[in-house]
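Next up: a single chain in structure tokens, the form predicted on its own.
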Amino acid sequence: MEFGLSEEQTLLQDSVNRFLDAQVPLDRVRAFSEQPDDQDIWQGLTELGIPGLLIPESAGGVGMGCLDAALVAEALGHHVTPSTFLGTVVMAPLALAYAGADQDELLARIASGQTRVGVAVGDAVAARQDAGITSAGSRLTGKAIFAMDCPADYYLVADSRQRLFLVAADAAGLTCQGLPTIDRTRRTAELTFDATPAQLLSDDPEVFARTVDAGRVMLAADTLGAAQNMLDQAVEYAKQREQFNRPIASFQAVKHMCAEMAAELEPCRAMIWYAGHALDELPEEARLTACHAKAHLAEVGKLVAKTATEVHGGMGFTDLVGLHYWFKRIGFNRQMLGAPELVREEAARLQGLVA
């Protein structure tokens, strides 16, 4: 029995990291934050086969698993990559697969990079303010806030009963308005539906839950990558920054801060690997593992983001260093598809620990 990555998985992550190292430097992230256009990045990811990662080979995809997708998500988070992933690459193809929908043509367009799918399911996880979607037959009415991977060609939408729908971007009665968040490396939007025609994919809450499980693991993996980068930057800065004629890395307090970050973060990698494996191979464990991974990485990510910024001192708050892109991305991941408190309560209910 192997308790590590296969050679193919290591090569996959290495190839994605090499591409991102070359094509997504910090200056490219800054440019996206001012003018959100990721076409060049998406084209490169498409050439690597990333859009078809979870799509069967019969539909033009690569036919890999959720663990492989989690490795890609980690690499994307490490580089705060400003491009679509969660909806198009993970949640939409899995929702179609779990629902048993006959959508080979759509899947082929997704795999080729021609079609992107946004995701608006967060209000079915936890309703906020006046948001929420109701359905009457095949028509949707209401509002979805913080829809991810927007704008897109299609949207994966969940109503208040956790029924999943596919909505075309040009459907009558649908409006998409940009809704900026603290994370300037992602595009989010507010979707408003006014008797908007939609295609029902599934009315089974289990399909919704499995799709959200996968999304949570990917957000946790993204946080792992972002936090690892912040730790690496803090260590490198501590080696170079001098105070009292010696590097601050020689000070015991700074050593302890870096050691604490490393000790908290390293076990998370195995946790993400197991969560991805469970999504693929252990359905009876997948939901609980996804909840634990999402909640734990949210807390560890917060610790690393805070501590790495402190190691940088005043420089940590400057745009010159750019730590805030990773800091805010980790904060965004923490809240989406369930904050740690909500997800831990869900895990407790799954284990029968609360009424």
Partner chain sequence: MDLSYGPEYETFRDEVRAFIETHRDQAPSSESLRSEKALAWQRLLIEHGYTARTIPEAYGGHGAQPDILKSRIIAEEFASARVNAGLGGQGISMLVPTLLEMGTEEQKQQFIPATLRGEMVWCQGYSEPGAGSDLASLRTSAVLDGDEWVINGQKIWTSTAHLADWIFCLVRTEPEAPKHKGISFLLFRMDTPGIEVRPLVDMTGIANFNEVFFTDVRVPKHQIVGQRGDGWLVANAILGHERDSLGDPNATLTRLNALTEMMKTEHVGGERLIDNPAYRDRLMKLQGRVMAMRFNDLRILSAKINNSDAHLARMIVKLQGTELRHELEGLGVDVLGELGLAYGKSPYLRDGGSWQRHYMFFLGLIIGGGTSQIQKNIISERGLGMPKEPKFEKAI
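Remember, it's a predicted structure, so these values are computed and weren't measured experimentally. Numbering follows the first chain given and starts at 1.
One more form of this protein exists, namely the form predicted together with its partner chain; it is left out here, but the text below deals with it.
- Taken together, the three residues 11, 14 and 18 lack any non-hydrogen atom within 4.5 angstroms of its partner chain in the model of the complex.
- With the partner removed from view, the residue among 209, 258, 171, 166 that has a non-hydrogen atom within 4.5 Å of its partner chain in the model of the complex turns out to be 258.
- When its partner chain is considered in the model of the complex, residue 250 lines it closely, a heavy atom lying within 4.5 Å.
- Although the partner is absent from this view, residue 263 contacts its partner chain in the model of the complex, with a non-hydrogen atom inside 4.5 angstroms.
- In the model of the complex, none of the heavy atoms of residue 319 sits within 4.5 Å of a heavy atom of its partner chain.
- In the model of the complex, none of the heavy atoms of residue 139 sits within 4.5 Å of a heavy atom of its partner chain.
- Here the chain stands by itself, but in the model of the complex one stretch of 49-57, 284-292, 325-333, 23-31, 284-292, has heavy atoms within 4.5 Å of its partner chain.
- Residues from 80-115 do not approach its partner chain in the model of the complex: none has a non-hydrogen atom within 4.5 Å of it.
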